[in-house]
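Only one chain comes next, encoded as structure tokens, the form predicted on its own.
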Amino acid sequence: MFGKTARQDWIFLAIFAAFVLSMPVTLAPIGAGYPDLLQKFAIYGLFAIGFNILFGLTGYLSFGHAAFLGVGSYAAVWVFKLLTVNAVPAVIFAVLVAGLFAAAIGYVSLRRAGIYFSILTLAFAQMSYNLAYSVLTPLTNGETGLQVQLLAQGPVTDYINQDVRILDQWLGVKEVGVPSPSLFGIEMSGWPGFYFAAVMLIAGMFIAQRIFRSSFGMMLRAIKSNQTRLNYTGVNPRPYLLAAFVISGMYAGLAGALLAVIDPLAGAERMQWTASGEVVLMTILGGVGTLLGPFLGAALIKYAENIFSAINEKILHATFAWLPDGLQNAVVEIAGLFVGKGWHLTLGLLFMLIVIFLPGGLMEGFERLMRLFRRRGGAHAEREG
């Protein structure tokens, strides 16, 4: 029924889906089995998978993808305020808006390549951040951020501080206080929110897999390999690049919408250049151009952010309590540089080690281990024979 490659793809997808859905159990021993952290694994993994469709397949490095993450969040919250707190319309609208925004930015940015393309995307992202923070306050509520509010009881004059939720009112949905986003009555906080994000992640992985295996994905790889030679054959690469840019932006918009579904707040900080740099790190750490690598990189960074940043001086003293007082204080002083507020230093060292020893990211390390096991297995079989 299926060819070898197709069968392997379905097996990979089934294993990936089983792992993602079982993360609350499998990651509990390392302290990651709680919903808030696993939601971040799923959402930022989706963000990185989408970014990899552009960067991994075409080689075009965007420093502005956080703009689409922020636009997705704002679009989702406006759906919550104007139409309904149901997550499905918010997600669909956010993906569409992010796609249109990506098409506009991509149309201009893709007129240049290399570092010039990267700088253009960074400039657009910073423009978007500044617009959201100060200029477009009637739409974004500036530094306070856009939030779900109480339902208006009379004529609406201030849509920022009063919500109308037309569909919810038409359907007769009863509200007590400020509502939370839901999926047909199931609130999207805690574990339901994680499983909703996990299903979106699995769907995003499936779409990325189809793109990687398609003729469209092969054309994107050809652009990365030698765009000049492609031009000489009479093929115009810009439509393919723009399509990849838009698809990647829609992934980012979906991730932004999921952030708003989990926590109905949209702020300009999600558009900052640091957020764009973070997704670049996630992709490089995991493995550029691989299917699974970006998700692994996103999980590693979010794990480090939440685990190492939570270690404070009190925890360090308890950990090294077996040492003499003078030595204990010295060890805690040194270790404190790498945890708590200094967790970025640990991440930087980890990133440096991976880039030096595993240029292909975590996936290269995994492939090396697999080759080592195969060689040992083959040698053992020869001895037995």
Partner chain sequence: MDAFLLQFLNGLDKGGAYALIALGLTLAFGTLGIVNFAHGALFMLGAFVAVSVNKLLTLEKVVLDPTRKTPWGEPVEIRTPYVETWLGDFGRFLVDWSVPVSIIAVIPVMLLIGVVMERGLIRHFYRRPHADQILVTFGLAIVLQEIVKHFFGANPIPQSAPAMFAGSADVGALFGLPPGTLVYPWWRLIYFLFAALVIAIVFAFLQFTTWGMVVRAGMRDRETVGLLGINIRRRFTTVFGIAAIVAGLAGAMYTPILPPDYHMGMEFLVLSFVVVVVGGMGSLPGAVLAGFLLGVLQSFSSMTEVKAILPGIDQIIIYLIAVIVLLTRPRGLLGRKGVMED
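Quick caveat: nothing in here was measured; it's all calculated off a predicted structure. Numbering follows the first chain given and starts at 1.
Another form exists, predicted in complex with its partner chain; not displayed. Remarks below refer to it.
Contact annotation: residue 116 falls within 4.5 Å of its partner chain in the predicted bound form, judged by heavy atom distances. When its partner chain is considered in the predicted bound form, residue 159 lies well away from it, no heavy atom lying within 4.5 Å.
Using a 4.5 Å cutoff between non-hydrogen atoms, residue 211 does not count as a contact of its partner chain in the predicted bound form.
In the predicted bound form, no heavy atom of residue 180 sits within 4.5 Å of its partner chain.
Across the proposed site, 92, 300 and 304 without exception lack any heavy atom within 4.5 Å of its partner chain in the predicted bound form. Contact annotation: of the candidates 126, 141, 84, 149, the single residue with a non-hydrogen atom within 4.5 angstroms of its partner chain in the predicted bound form is 126.
Checked against its partner chain in the predicted bound form, the residues 246, 280, 202, 223 give one hit for a heavy atom within 4.5 Å, which is 280. Heavy atoms within 4.5 Å of its partner chain in the predicted bound form belong, among the stretches 184-192, 229-237, 272-280, 259-267, to residues of 272-280. Taking its partner chain as positioned in the predicted bound form, the residues of 60-80 that bring a heavy atom within 4.5 Å of it are, in sequence order, 61, 63.
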